[in-house]
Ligand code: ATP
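A lone chain, given as C-alpha cells: the form predicted on its own.
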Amino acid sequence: MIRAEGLIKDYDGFRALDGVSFETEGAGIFGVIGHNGAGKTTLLKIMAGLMQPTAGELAINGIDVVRDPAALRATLGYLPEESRLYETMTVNGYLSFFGELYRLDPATIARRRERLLSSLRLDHGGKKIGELSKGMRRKVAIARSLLHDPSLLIYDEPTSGLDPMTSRYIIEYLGRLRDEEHRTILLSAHNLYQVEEICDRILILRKGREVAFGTMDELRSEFGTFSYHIRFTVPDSAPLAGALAFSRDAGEYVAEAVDMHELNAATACIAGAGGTVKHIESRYPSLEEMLLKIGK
C-alpha cells in the first residue's frame, strides 16, 4: 500500500511539489506523467527515499518513508533515468558485486543473476558493460534493481532513448513482473502510449500539483469526450458544405459525432449526398490528448 498526503518539496524558493496526495493498494503498475518540470522525478526520488520532502507524509507498505527512508531500501528496486554503470566490469561481475552489497550468499547471487539474465534475454557474451549497446546496458540496470528480490520498483523513464524493439520488450517485461510476480511498479515515462497501455492507474501532475489520479476509464470520464469517427467517400462534397463538418484524409473524408443522434444525422447527410460510409470508429481521447487539454 502507498499513501502520500500533502507532499511538498521546495528548492531555494521554487516549489517542485505542492501538496501531492494519492493512495494505492495491492500490486500493479502506476504511472506518473506530466509536462517537463511537473515534478515527476522529484516525486519518484522522494518515494525511493533518496530525497526528503519539505512537508507531508508518505507511507509505503507500512514504512514511514519520511521518518525512516533507510527501512524502505531492502524492499525497493530503483531505476533512475540515467543509470551510471561500472563500465570496466563484466555483467556477471557487476551483478555479483551488487549482490554482495545486498548481503546475498554466492549461490543465491548466481541463481538470481542467471534467472534475470535469461528472463531479460541479455546475452552479454562476457563483454564489459562499456562494450554493450544502450539497450543492453538498460537491461543490466534493470537486472541490478531486481537482484535483491524487491516487492516495490520505482522506474524513472525505463525505456528512454531505446530502440522500439527493446522498448517494447521492456514494457512487456514490466507487465510480466506485475502479472506473474505480483510486484508493485511506479514509473514515469514520456511515451504516453506505453503508459496508457500498461498502467493500472495514472497520476497526472501539473506544476507540482496533482491534477488527477485514476484508471484510464476514470481519466476519460473526467477529461475526455467519447466520439464517433466516420470515414466516408462522396462523389461531390459540395452538397455537404454547411450541413456537416468534415475533413479530407488519404482520399476519404472524416466527420465526427459525439452521440448517436449526431451519428445518425451525419450518416443520413452523407447518404443524401450520394456518399458511402466506409467505417465508423468509436473513440476515446488518448493520454496525450488529455495532457494537451490540461495544459502546462
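In this text, residue numbers run from 1 along the sequence as written. As the structure is a computational prediction, the values presented were derived from the model and not from experiment.
Not pictured, yet referred to below: the form predicted together with this ligand.
Of the candidate stretches 267-275, 56-64, 243-251, 34-42, only 34-42 contains residues with a heavy atom within 4.5 Å of this ligand in the predicted complex. This ligand in the predicted complex comes within 4.5 Å of a heavy atom belonging to residue 16. In the predicted complex, at least one heavy atom of residue 190 sits within 4.5 Å of this ligand. Interface residue remark: residue 218 is not counted as part of the site for this ligand in the predicted complex, having no heavy atom within 4.5 Å. Contact annotation: residue 81 falls within 4.5 Å of this ligand in the predicted complex, judged by heavy atom distances. Residues are counted as partner-facing when one of their heavy atoms sits within 4.5 Å of this ligand in the predicted complex; in 95-116 not one qualifies.
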